[in-house]
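To begin, one chain is listed below as C-alpha coordinates, in the form predicted alone.
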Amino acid sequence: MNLKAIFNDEAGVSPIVATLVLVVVAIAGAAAVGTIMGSFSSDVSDSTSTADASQGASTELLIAGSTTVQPVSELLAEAYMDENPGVKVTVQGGGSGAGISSTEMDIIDIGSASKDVDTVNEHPDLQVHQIGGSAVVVIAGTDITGNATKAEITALYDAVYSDGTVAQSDLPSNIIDAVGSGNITVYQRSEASGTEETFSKYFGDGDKTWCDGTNAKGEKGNAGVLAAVEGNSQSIGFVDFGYADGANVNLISVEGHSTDFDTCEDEILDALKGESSNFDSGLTRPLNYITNGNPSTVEQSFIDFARQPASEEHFTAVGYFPMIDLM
(Lines give C-alpha, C1' and ligand atoms only; values in the text may rest on other atoms or scores of the structure.)
Protein backbone atom coordinates (compact mmCIF):
# COMPACT_ATOMS: atom_id res chain seq x y z
CA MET A 1 0.00 0.00 0.00
CA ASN A 2 1.44 3.38 -1.01
CA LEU A 3 0.68 5.59 2.01
CA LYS A 4 1.98 8.76 0.40
CA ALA A 5 -0.22 8.24 -2.65
CA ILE A 6 -3.28 7.89 -0.42
CA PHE A 7 -2.38 11.08 1.48
CA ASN A 8 -2.29 12.98 -1.80
CA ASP A 9 -5.59 11.59 -3.08
CA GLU A 10 -8.00 14.20 -1.71
CA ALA A 11 -10.99 12.47 -3.27
CA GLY A 12 -10.39 9.28 -1.35
CA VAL A 13 -9.23 10.67 1.95
CA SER A 14 -12.18 10.14 4.29
CA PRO A 15 -12.88 6.38 4.53
CA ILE A 16 -9.44 5.15 3.55
CA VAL A 17 -7.47 7.47 5.80
CA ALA A 18 -9.73 6.81 8.78
CA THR A 19 -8.85 3.12 8.54
CA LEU A 20 -5.21 3.84 7.74
CA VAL A 21 -4.71 5.98 10.83
CA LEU A 22 -6.03 3.22 13.10
CA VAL A 23 -3.71 0.67 11.52
CA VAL A 24 -0.63 2.93 11.62
CA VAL A 25 -1.18 4.02 15.20
CA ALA A 26 -1.94 0.48 16.37
CA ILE A 27 1.19 -0.93 14.77
CA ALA A 28 3.65 1.90 15.36
CA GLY A 29 2.19 3.78 18.30
CA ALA A 30 3.10 7.04 16.58
CA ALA A 31 0.91 9.71 18.14
CA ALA A 32 2.74 12.27 16.05
CA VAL A 33 1.31 10.74 12.88
CA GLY A 34 -2.16 11.27 14.29
CA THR A 35 -1.33 14.95 14.69
CA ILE A 36 -0.54 15.27 11.01
CA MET A 37 -3.60 13.28 9.98
CA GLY A 38 -5.87 15.29 12.24
CA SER A 39 -4.98 18.44 10.34
CA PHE A 40 -4.85 16.88 6.88
CA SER A 41 -8.28 17.76 5.54
CA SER A 42 -7.96 21.44 6.51
CA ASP A 43 -4.32 21.79 5.53
CA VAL A 44 -4.60 20.24 2.11
CA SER A 45 -7.14 22.73 0.77
CA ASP A 46 -4.91 25.66 1.71
CA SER A 47 -1.62 24.17 0.60
CA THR A 48 -2.73 22.92 -2.80
CA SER A 49 -4.57 26.00 -3.98
CA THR A 50 -2.23 26.25 -6.96
CA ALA A 51 -2.54 22.59 -7.89
CA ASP A 52 -5.27 23.03 -10.52
CA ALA A 53 -2.67 23.06 -13.27
CA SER A 54 -1.10 19.92 -11.84
CA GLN A 55 -4.09 17.56 -11.71
CA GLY A 56 -2.30 15.27 -14.09
CA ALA A 57 0.96 15.40 -12.19
CA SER A 58 3.13 12.38 -12.67
CA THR A 59 5.17 13.03 -9.53
CA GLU A 60 3.97 13.97 -6.04
CA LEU A 61 5.77 15.26 -2.96
CA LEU A 62 4.28 15.29 0.54
CA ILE A 63 6.00 17.63 3.00
CA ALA A 64 4.89 17.76 6.64
CA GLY A 65 6.04 18.65 10.13
CA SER A 66 7.11 21.92 11.73
CA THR A 67 4.46 24.64 11.80
CA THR A 68 7.35 27.11 11.76
CA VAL A 69 8.64 25.76 8.46
CA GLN A 70 5.13 25.30 7.04
CA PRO A 71 4.52 28.89 5.81
CA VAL A 72 7.74 29.05 3.81
CA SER A 73 7.18 25.49 2.54
CA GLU A 74 3.80 26.56 1.17
CA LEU A 75 5.36 29.50 -0.69
CA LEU A 76 8.18 27.31 -1.98
CA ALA A 77 5.69 24.66 -3.10
CA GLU A 78 3.68 27.16 -5.13
CA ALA A 79 6.79 28.55 -6.80
CA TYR A 80 8.23 25.09 -7.45
CA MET A 81 5.00 23.83 -9.03
CA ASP A 82 4.90 26.90 -11.28
CA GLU A 83 8.34 25.96 -12.59
CA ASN A 84 7.70 22.20 -12.59
CA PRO A 85 4.09 21.58 -13.72
CA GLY A 86 4.66 17.81 -13.68
CA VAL A 87 5.12 17.80 -9.91
CA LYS A 88 2.41 18.20 -7.27
CA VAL A 89 3.59 19.33 -3.82
CA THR A 90 1.33 19.06 -0.77
CA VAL A 91 2.33 20.80 2.47
CA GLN A 92 1.01 20.03 5.95
CA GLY A 93 1.85 20.97 9.55
CA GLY A 94 1.77 18.72 12.60
CA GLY A 95 4.89 19.84 14.49
CA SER A 96 8.58 18.96 14.25
CA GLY A 97 8.08 15.76 16.21
CA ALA A 98 5.47 14.59 13.74
CA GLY A 99 7.71 15.52 10.82
CA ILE A 100 10.57 13.43 12.17
CA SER A 101 8.40 10.41 13.06
CA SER A 102 6.53 10.42 9.77
CA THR A 103 9.75 10.67 7.77
CA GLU A 104 11.24 7.72 9.65
CA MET A 105 8.08 5.68 8.95
CA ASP A 106 8.30 6.66 5.26
CA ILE A 107 4.78 8.09 5.36
CA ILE A 108 5.91 11.43 3.93
CA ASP A 109 8.59 12.36 1.42
CA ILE A 110 10.18 15.31 3.19
CA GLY A 111 9.82 16.09 6.88
CA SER A 112 10.38 19.52 8.35
CA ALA A 113 11.79 20.45 11.74
CA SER A 114 12.60 23.81 13.29
CA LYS A 115 15.32 22.40 15.50
CA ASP A 116 18.52 20.39 15.40
CA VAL A 117 17.97 16.70 14.62
CA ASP A 118 20.33 14.15 16.18
CA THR A 119 21.24 11.81 13.30
CA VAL A 120 24.01 10.12 15.27
CA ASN A 121 22.22 8.66 18.28
CA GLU A 122 18.48 9.24 17.92
CA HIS A 123 17.68 9.18 14.19
CA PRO A 124 20.54 7.46 12.34
CA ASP A 125 18.49 6.74 9.19
CA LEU A 126 17.61 10.37 8.58
CA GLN A 127 19.45 13.00 6.58
CA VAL A 128 19.10 16.68 7.51
CA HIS A 129 19.14 19.49 4.94
CA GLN A 130 19.16 22.99 6.44
CA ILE A 131 17.19 25.51 4.38
CA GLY A 132 17.30 28.55 6.67
CA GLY A 133 17.18 29.85 10.21
CA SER A 134 14.94 31.64 12.69
CA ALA A 135 14.43 32.23 16.41
CA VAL A 136 11.93 31.90 19.24
CA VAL A 137 10.65 35.03 20.97
CA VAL A 138 8.55 35.66 24.06
CA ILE A 139 5.39 37.59 23.20
CA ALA A 140 2.70 39.29 25.25
CA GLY A 141 -0.78 40.69 24.83
CA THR A 142 -1.14 44.39 24.14
CA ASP A 143 -1.50 45.34 27.83
CA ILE A 144 1.91 43.92 28.73
CA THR A 145 5.31 45.37 27.89
CA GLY A 146 8.81 45.23 29.29
CA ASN A 147 11.88 43.07 29.63
CA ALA A 148 13.05 40.11 31.67
CA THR A 149 16.07 37.99 32.40
CA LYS A 150 16.29 34.33 31.46
CA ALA A 151 15.88 33.38 35.12
CA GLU A 152 12.76 35.53 35.46
CA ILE A 153 11.00 33.89 32.52
CA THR A 154 11.94 30.45 33.92
CA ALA A 155 10.47 31.44 37.29
CA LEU A 156 7.34 32.80 35.61
CA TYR A 157 6.58 29.51 33.83
CA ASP A 158 7.35 27.57 37.01
CA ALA A 159 4.84 29.71 38.92
CA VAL A 160 1.85 29.03 36.65
CA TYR A 161 -1.23 27.86 38.55
CA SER A 162 -3.23 24.79 37.54
CA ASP A 163 -5.66 27.02 35.59
CA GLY A 164 -2.86 28.29 33.33
CA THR A 165 -2.51 31.71 34.93
CA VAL A 166 -0.11 33.54 37.23
CA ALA A 167 -0.72 36.38 39.62
CA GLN A 168 0.60 39.75 38.56
CA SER A 169 2.91 39.60 41.56
CA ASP A 170 4.69 36.68 39.83
CA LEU A 171 5.62 38.83 36.83
CA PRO A 172 9.24 40.04 36.58
CA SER A 173 9.55 43.54 38.01
CA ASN A 174 10.36 45.07 34.62
CA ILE A 175 7.30 43.60 32.89
CA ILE A 176 4.48 46.10 33.15
CA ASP A 177 0.79 45.25 33.12
CA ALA A 178 -0.89 48.42 31.92
CA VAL A 179 -4.37 47.37 33.05
CA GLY A 180 -3.41 46.31 36.56
CA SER A 181 -6.18 43.81 37.26
CA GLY A 182 -6.63 40.07 37.09
CA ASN A 183 -4.22 37.20 36.55
CA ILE A 184 -2.01 36.77 33.51
CA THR A 185 -2.64 33.78 31.22
CA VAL A 186 0.49 31.89 30.14
CA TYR A 187 0.61 29.81 26.94
CA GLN A 188 2.85 27.10 25.52
CA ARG A 189 2.63 24.47 22.75
CA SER A 190 0.36 21.46 23.12
CA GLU A 191 2.37 19.14 20.85
CA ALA A 192 6.00 18.17 20.26
CA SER A 193 7.61 21.00 18.35
CA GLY A 194 10.92 22.59 17.56
CA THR A 195 9.64 25.89 18.91
CA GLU A 196 8.85 24.40 22.32
CA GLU A 197 12.07 22.39 22.39
CA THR A 198 14.13 25.52 21.69
CA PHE A 199 12.24 27.42 24.41
CA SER A 200 12.56 24.54 26.89
CA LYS A 201 16.27 23.97 26.31
CA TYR A 202 17.02 27.65 26.79
CA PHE A 203 14.85 28.41 29.81
CA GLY A 204 15.07 24.90 31.26
CA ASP A 205 18.88 24.78 31.21
CA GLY A 206 19.09 22.18 28.46
CA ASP A 207 16.00 20.10 29.25
CA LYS A 208 14.20 19.61 25.92
CA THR A 209 10.87 18.84 27.66
CA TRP A 210 11.08 21.30 30.57
CA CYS A 211 7.98 23.19 29.45
CA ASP A 212 5.93 19.98 29.63
CA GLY A 213 6.17 20.24 33.41
CA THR A 214 4.49 23.64 33.61
CA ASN A 215 0.78 24.39 33.86
CA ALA A 216 0.82 26.83 30.96
CA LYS A 217 -2.13 26.40 28.59
CA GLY A 218 -1.31 24.39 25.48
CA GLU A 219 -2.23 25.65 22.03
CA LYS A 220 -1.73 23.92 18.69
CA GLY A 221 1.10 25.23 16.55
CA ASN A 222 2.68 28.65 16.37
CA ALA A 223 -0.57 29.93 14.88
CA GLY A 224 -2.56 28.65 17.86
CA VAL A 225 -0.31 30.28 20.44
CA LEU A 226 -0.21 33.54 18.47
CA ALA A 227 -4.01 33.64 18.14
CA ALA A 228 -4.41 32.98 21.88
CA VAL A 229 -2.05 35.80 22.86
CA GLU A 230 -3.54 38.19 20.29
CA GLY A 231 -6.99 37.44 21.70
CA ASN A 232 -5.99 38.04 25.33
CA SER A 233 -4.43 41.41 26.15
CA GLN A 234 -3.17 40.06 29.49
CA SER A 235 -1.23 37.00 28.35
CA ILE A 236 2.28 35.76 27.65
CA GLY A 237 3.52 33.01 25.33
CA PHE A 238 6.26 32.14 22.85
CA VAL A 239 6.30 31.71 19.08
CA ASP A 240 8.69 31.85 16.18
CA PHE A 241 9.71 35.40 15.35
CA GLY A 242 8.26 35.07 11.85
CA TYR A 243 4.79 34.59 13.33
CA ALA A 244 5.12 37.46 15.80
CA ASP A 245 6.42 39.99 13.26
CA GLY A 246 3.50 42.11 12.11
CA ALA A 247 1.05 40.57 14.59
CA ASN A 248 -0.91 42.49 17.24
CA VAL A 249 1.41 41.46 20.09
CA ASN A 250 4.34 42.95 21.99
CA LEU A 251 7.84 41.52 22.18
CA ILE A 252 9.16 40.88 25.67
CA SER A 253 12.89 41.56 25.72
CA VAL A 254 14.89 38.62 27.08
CA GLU A 255 18.40 39.41 28.32
CA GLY A 256 18.39 42.79 26.59
CA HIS A 257 17.29 42.20 22.98
CA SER A 258 15.20 44.88 21.33
CA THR A 259 11.41 45.03 21.61
CA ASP A 260 11.27 46.76 18.22
CA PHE A 261 10.53 44.16 15.56
CA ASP A 262 12.84 45.56 12.87
CA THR A 263 15.77 45.93 15.25
CA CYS A 264 15.12 42.50 16.78
CA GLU A 265 15.16 40.96 13.30
CA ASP A 266 18.63 42.40 12.70
CA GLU A 267 19.79 41.11 16.08
CA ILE A 268 18.49 37.59 15.31
CA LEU A 269 20.36 37.53 12.00
CA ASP A 270 23.59 38.57 13.74
CA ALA A 271 23.10 35.80 16.31
CA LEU A 272 22.43 33.20 13.60
CA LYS A 273 25.65 34.22 11.85
CA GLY A 274 27.64 33.93 15.07
CA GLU A 275 28.26 37.66 15.27
CA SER A 276 27.98 39.88 18.35
CA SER A 277 24.31 40.44 19.12
CA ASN A 278 21.90 41.49 21.85
CA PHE A 279 19.80 38.44 20.93
CA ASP A 280 20.96 35.27 22.71
CA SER A 281 21.96 32.56 20.22
CA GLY A 282 20.36 29.99 22.53
CA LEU A 283 16.95 31.09 21.21
CA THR A 284 17.92 30.75 17.53
CA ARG A 285 17.44 27.52 15.57
CA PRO A 286 17.81 26.04 12.09
CA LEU A 287 14.96 25.40 9.69
CA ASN A 288 15.47 21.90 8.32
CA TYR A 289 14.11 19.51 5.74
CA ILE A 290 14.56 15.81 6.52
CA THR A 291 14.67 12.73 4.29
CA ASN A 292 14.71 9.04 5.09
CA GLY A 293 18.16 8.20 3.77
CA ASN A 294 19.40 9.75 0.54
CA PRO A 295 16.80 12.02 -1.07
CA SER A 296 15.24 10.91 -4.32
CA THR A 297 15.87 12.96 -7.44
CA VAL A 298 12.68 14.99 -7.03
CA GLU A 299 13.22 15.40 -3.28
CA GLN A 300 16.73 16.69 -3.89
CA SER A 301 15.40 18.99 -6.59
CA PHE A 302 12.92 20.58 -4.18
CA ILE A 303 15.53 20.90 -1.42
CA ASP A 304 17.96 22.56 -3.85
CA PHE A 305 15.15 24.89 -4.95
CA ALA A 306 14.56 25.90 -1.31
CA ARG A 307 18.26 26.58 -0.73
CA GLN A 308 18.93 28.57 -3.90
CA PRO A 309 19.50 32.35 -3.63
CA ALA A 310 16.46 33.02 -5.83
CA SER A 311 14.19 31.60 -3.10
CA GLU A 312 15.24 34.30 -0.60
CA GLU A 313 12.02 36.23 -1.15
CA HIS A 314 9.90 33.33 0.14
CA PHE A 315 11.78 33.28 3.46
CA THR A 316 11.79 37.03 3.99
CA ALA A 317 8.05 37.14 3.20
CA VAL A 318 7.35 35.15 6.37
CA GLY A 319 10.08 36.64 8.56
CA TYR A 320 12.70 33.88 8.22
CA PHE A 321 16.31 33.88 7.07
CA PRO A 322 17.37 31.91 3.95
CA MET A 323 20.66 30.07 3.70
CA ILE A 324 22.24 32.85 1.62
CA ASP A 325 21.85 35.23 4.60
CA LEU A 326 23.52 32.76 6.96
CA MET A 327 26.69 32.27 4.93
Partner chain sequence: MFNKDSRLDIHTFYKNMINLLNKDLRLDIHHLLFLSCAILTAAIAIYFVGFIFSTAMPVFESQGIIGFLTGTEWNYGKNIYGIKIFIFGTMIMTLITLLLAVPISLFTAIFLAEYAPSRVVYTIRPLIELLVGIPSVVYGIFGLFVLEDIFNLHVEPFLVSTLGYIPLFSDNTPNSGQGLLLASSILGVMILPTITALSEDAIRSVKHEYKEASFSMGATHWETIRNVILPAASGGIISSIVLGMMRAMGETMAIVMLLGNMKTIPSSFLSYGYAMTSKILNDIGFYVNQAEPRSALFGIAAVLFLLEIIFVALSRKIGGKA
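Between two forms, the rigid core is defined as the largest C-alpha subset superposing within 1.5 Å. Numbering follows the first chain given and starts at 1. Note that the structure is a prediction, hence the values are computed from the model and not measured.
FYI, the form predicted in complex with the partner chain isn't displayed, but the following is about it.
Chemist: Taking the partner chain in the model of the complex as the reference, which of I139, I131, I175, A216 has a non-hydrogen atom within 4.5 Å?
Modeler: When the partner chain is considered in the model of the complex, the option within 4.5 Å is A216.
Chemist: Determine whether any heavy atom of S169 comes within 4.5 Å of a heavy atom of the partner chain in the model of the complex, and answer yes or no.
Modeler: Answer no; every heavy atom of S169 is more than 4.5 Å from the partner chain in the model of the complex.
Chemist: Using a 4.5 angstroms cut-off on non-hydrogen atoms, would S96 count as touching the partner chain in the model of the complex?
Modeler: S96: yes, in contact with the partner chain in the model of the complex.
Chemist: Might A192 be said to contact the partner chain in the model of the complex, defining contact as any heavy atom within 4.5 Å?
Modeler: Within the cut-off, so yes.
Chemist: Does the partner chain come within 4.5 Å of any heavy atom of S181 in the model of the complex?
Modeler: Output for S181 is no: heavy atoms all beyond 4.5 Å of the partner chain.
Chemist: Indicate whether the candidate residues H123, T165 and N232 are all in contact with the partner chain in the model of the complex, with contact defined as any heavy atom within 4.5 Å.
Modeler: Result yes, every residue of the spot touches the partner chain.
Chemist: Select, from the options 131-139, 148-156, 249-257, 96-104, the stretch whose residues sit within 4.5 angstroms of the partner chain in the model of the complex by heavy atom distance.
Modeler: That would be stretch 96-104.
Chemist: Rigid core superposed, CA of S193 - does it shift 2 Å or more between this form and the one not shown?
Modeler: It does not reach a 2 Å shift.
Chemist: Please say whether, between this form and the one not shown, the C-alpha of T149 moves by 2 Å or more once the core is aligned.
Modeler: Stays below the 2 Å threshold, so no.
Chemist: Once the two forms are fit on the core, has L171 moved its CA by at least 2 Å between this form and the one not shown?
Modeler: Result for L171: no, shift under 2 Å.
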